[in-house]
Every structure is written in structure tokens, then in C-alpha cells.
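Presented below, as C-alpha cells, is a lone chain in the form predicted on its own.
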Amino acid sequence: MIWLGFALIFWCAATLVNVRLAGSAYNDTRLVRIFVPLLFGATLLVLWEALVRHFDVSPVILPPPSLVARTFVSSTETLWIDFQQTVVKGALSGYVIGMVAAFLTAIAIDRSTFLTRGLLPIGNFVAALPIVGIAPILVSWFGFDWHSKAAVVVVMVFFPILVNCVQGLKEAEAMQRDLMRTYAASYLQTLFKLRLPAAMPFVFNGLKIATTLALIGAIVAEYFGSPTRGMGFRISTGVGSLSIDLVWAEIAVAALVGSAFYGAVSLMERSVTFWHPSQRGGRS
């Protein structure tokens, strides 16, 4: 009962702080925009801890955050090995390969009406295929190591990035393109000086979507075959051995990595597309 009372007090205090911040003159500063989600997340963790302890929930069903934190600290070596296998080798390598391939394909589509009409519908079809159907096939093709996970990631991120790149390359206005032609600019000059800068908001939209897909693809692919390491492998075996605290520790790593990955791409977007209206508001 003590834990539940403490959680309710903490929730009320956090709500009061949030209301005060929303009504203050600093409600739109960067510090407040970071602090409020952190406070909300801390409140959820406190409620989670209190409810698990109050109702005496078994750690096999739902471990408290304190147990997950202890497991996280005591299993850093294992978590680091899994991070390298899944994130660095599988997700990041597949993300980079898929990004480069999508960008080059978008330029080829931009130059060819045949590819525009033929490849994009096929891309929409492939993008709709479930990962649980693609992953086993690619694992059987490329083996159990990280190469098959990177291949799954490439398939998952390729078409979202491609569609956004193709759409972005169409953003330059006809008058602007005509102006480049009056200057006798070549295709590459028009591409790099006009069309790519105009396409950057769309390109980064695709890149941000792909950050979450890359990590999901790498983790899910490890369910269908993996060496004795990797986040997906550890989650699968942890559930089988009832090591649910380790499973939640792996989930915490995935959440932190996914948020950091998305944030890094968003920071790059702000520096590259600072001129775009979407990046002008809310700055301090």
C-alpha cells in the first residue's frame, strides 16, 4: 500500500509540474520539451514499480523496473555483444546499404519513365510483404550470421526511402527547372544544386521511417536463425528460459538505440533543412 500511495503522490506532483511548465513563459524552450517527456517516462516507471510490488506480480510475468535495471547493470557484457551483433552489424550495415541503393535507384527512376511506371508498383507490393515471410527466406539464402539480418533490413528500408526520394525529386518547381535550363545547366548540376536540396525534407522523412524499420527487421530476423548472440536471439531464448528480466533489459537497449538513432537523423535533418518552414518554429 505504501508503494501505491507513493506512486499516486509522484503522479500528482509530476502532473502539477507539467501544468506549471505549460503555463509558464518557458513552455516552448528546448529544455522543457526534453524535460516533460522524461518526467512522464519516470512517472510511468514509478507506477509500474508500485503496481507490480502492490499486487505482488511474479517476475516471470512482469518484473519490476528495479529488477530490470539490476539485470541491465549485471549483464552489460552480454548486452554489448548483442548490441554489436544486431545493431552495428545487422541494422546499421543494412540501413546504409538500403539507403545508398534506394538513392541511386531513385535517380535512375527519375531518368526513366519505364522504371517509374514499372518499378514503383512492384516496390509497393514488396513493401507490403510481411517480414515473417521474408526473413526465413533470406536467412536460408545468406546464412545464420549477420549478413542475412542485413539483407532483411535492406528489404525493409529500401522502398520507404525510395518512395520518399522519388517524391522529393519532383518538388523543384517547373519555373526553377526552366531557370536552370536557361543557364545551360547539365542534369547533374540541376540535380545537385536545385533538385536534391529541394528533396531533402522528403529524403529525411524516409530516413527517419527507416530507422525504426531497420532495428525491427534485424531483431525479428534473428528469430529465424542466428549464432548464439544478438538481441533477437537473446529475447527468444530468454522467454524460453523464463529470464524475463533479461528480455526487458534487451527491450530497453532496443528502445534506447532506436530513440538515439531517430534523434541522430533528426539532428542531421535540422542542420541540412534549416531553411524549410518545418524547421523554423519552436526554436530557442
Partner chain sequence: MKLSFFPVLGVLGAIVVLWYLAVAPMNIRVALDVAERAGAEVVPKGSVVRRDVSVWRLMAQNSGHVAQGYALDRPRLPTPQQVGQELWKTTGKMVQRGRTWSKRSLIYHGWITLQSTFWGFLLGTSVGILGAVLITHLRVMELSLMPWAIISQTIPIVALAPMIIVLSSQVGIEERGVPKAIISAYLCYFPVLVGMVKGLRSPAPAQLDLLKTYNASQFQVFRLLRLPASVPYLFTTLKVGVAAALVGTIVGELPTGAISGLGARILIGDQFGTPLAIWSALFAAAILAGALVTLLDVAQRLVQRRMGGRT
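Residue numbers count along the first chain shown, from 1. Small disclaimer: the values here were computed from a predicted structure and weren't measured. We call the rigid core the largest set of C-alpha positions that still match within 1.5 Å between the two forms.
The next section is about a form of this same protein that is not shown, the form predicted together with its partner chain.
The partner is not drawn, yet in the predicted bound form one stretch among 72 to 80, 110 to 118, 146 to 154, 88 to 96 has residues with heavy atoms inside 4.5 Å of its partner chain: 110 to 118. Within this chain, Val163 is remote from the site of its partner chain in the predicted bound form, having no heavy atom within 4.5 Å. Using a 4.5 angstroms limit between non-hydrogen atoms, Val247 touches its partner chain in the predicted bound form.
In the predicted bound form, no heavy atom of Leu51 sits within 4.5 Å of its partner chain. In the predicted bound form, Tyr223 approaches its partner chain with a heavy atom inside 4.5 Å. In sequence order, Thr212, Leu215, Ile216, Ile219, Val220, Tyr223, Phe224 are the residues of 192 to 228 having a heavy atom within 4.5 Å of its partner chain in the predicted bound form; the partner itself is omitted from this view. Superposed on the core, the two forms differ at Leu115: its CA moves 2 Å or more between this form and the one not shown. The distance between the CA atoms of Val132 and Gly94 is at least 3 Å shorter in the predicted bound form than in the form shown here. Compared with the form shown here, the C-alpha atoms of Val132 and Phe103 sit at least 3 Å closer together in the predicted bound form.
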